[in-house]
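One chain comes next, on its own, written as structure tokens: the form predicted alone.
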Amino acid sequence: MVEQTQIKAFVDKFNDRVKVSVPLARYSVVGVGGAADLLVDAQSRDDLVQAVNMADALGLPWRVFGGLTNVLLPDDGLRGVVIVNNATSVTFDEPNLRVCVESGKKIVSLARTSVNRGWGGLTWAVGLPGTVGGAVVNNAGAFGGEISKALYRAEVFSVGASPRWVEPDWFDFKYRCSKLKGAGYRWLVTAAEFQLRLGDLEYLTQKATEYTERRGKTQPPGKTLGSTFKNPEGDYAGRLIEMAGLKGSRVGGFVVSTHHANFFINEGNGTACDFITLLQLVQDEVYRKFGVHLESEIEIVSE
């Protein structure tokens, strides 16, 4: 547990942006997660760096979270310091058609702002959940676009070193993945700069509307972490789950969506344990019937 002297150090630095024993479920899009010993609201990239360095200096474990849209938090909560990334500053570089943004900015907001300026390159992300930092770490994508194709450079930080800018190759991007996925207790993305391109405003607006409508038709409403599994090569996870007869399968409060089988919905008081049990059930049944191992797209955080 966090000691009173450690709490005081954070309160002295961040004032009322520090909370003690906060249920993380209120921050999760699926309403799952036990209490954090200490929670810090970071409103700038400097806040992020200072909070992480302070936690490390005090000997406390730490984690940084943004939108919590594809992260499953543990039922027993998290020890040490949880830092919520609300760093959202945006700067547009008109001559070079680049936009530099802090990592807590919602990717959907950045994409829509870019479209409204007549800048293409992120239009595919107009319906994407989560933050810029999470999008970079997970190489988020949709409709043929992905973050790695638009990223010009990113600022990364690790304890014991100053933040530094790195090129896209540094991330070793793969499908819905980078070398930082799952490394949130060692590294974080503090900012990203995207190379966009000048486009036709009417066309970009039309495409943005089209993508938004398509997401609305194909993805189910409700409390969901998004796509549960990565698509296996040459196939679709949702198709395999549906063909295995698993639509509507339930464990506790979580159910496999009847609208799209690659989404798990929290229809009641679902827990992390429910989600994990359902995930394993689906994996086992799909493997038994088709010989395909479905890999989780959700980051499952342990205590």
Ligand SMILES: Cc1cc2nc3c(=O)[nH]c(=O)nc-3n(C[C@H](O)[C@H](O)[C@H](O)COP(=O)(O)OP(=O)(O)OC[C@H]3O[C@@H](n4cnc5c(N)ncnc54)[C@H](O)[C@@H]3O)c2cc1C
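Residue numbers run from 1 along the displayed sequence. Model, not experiment: these values are computed from the prediction.
Quick note: we don't show the form predicted together with the named molecule, though the next part is all about it.
Between the named molecule and the residues Arg164, Arg197, Arg215, Lys179, the one pair within 4.5 Å by heavy atoms in the predicted complex involves Arg215. A heavy atom within 4.5 Å of the named molecule in the predicted complex is found for one listed residue only; from Ala111, Val71, Val81, Ala192, this is Val71. Contact annotation for Pro232: none of its heavy atoms lies within 4.5 Å of the named molecule in the predicted complex.
Within 4.5 Å of any heavy atom of the named molecule in the predicted complex lies no heavy atom of Thr123. Although the partner is absent from this view, Thr88 stays clear of the named molecule in the predicted complex, with no non-hydrogen atom inside 4.5 angstroms. The named molecule in the predicted complex is approached by Trp187, whose closest heavy atom lies within 4.5 angstroms of it. The three marked residues, Gly66, Thr131 and Ala140, each reach the named molecule in the predicted complex, with a heavy atom inside 4.5 Å. Only one listed stretch (91-99, 200-208, 112-120, 215-223) carries heavy atoms within 4.5 Å of the named molecule in the predicted complex, and that stretch is 215-223.
With contact defined as any non-hydrogen atom lying within 4.5 angstroms of the named molecule in the predicted complex, the contacting residues in 272-303 are Glu297, Glu299, given in sequence order.
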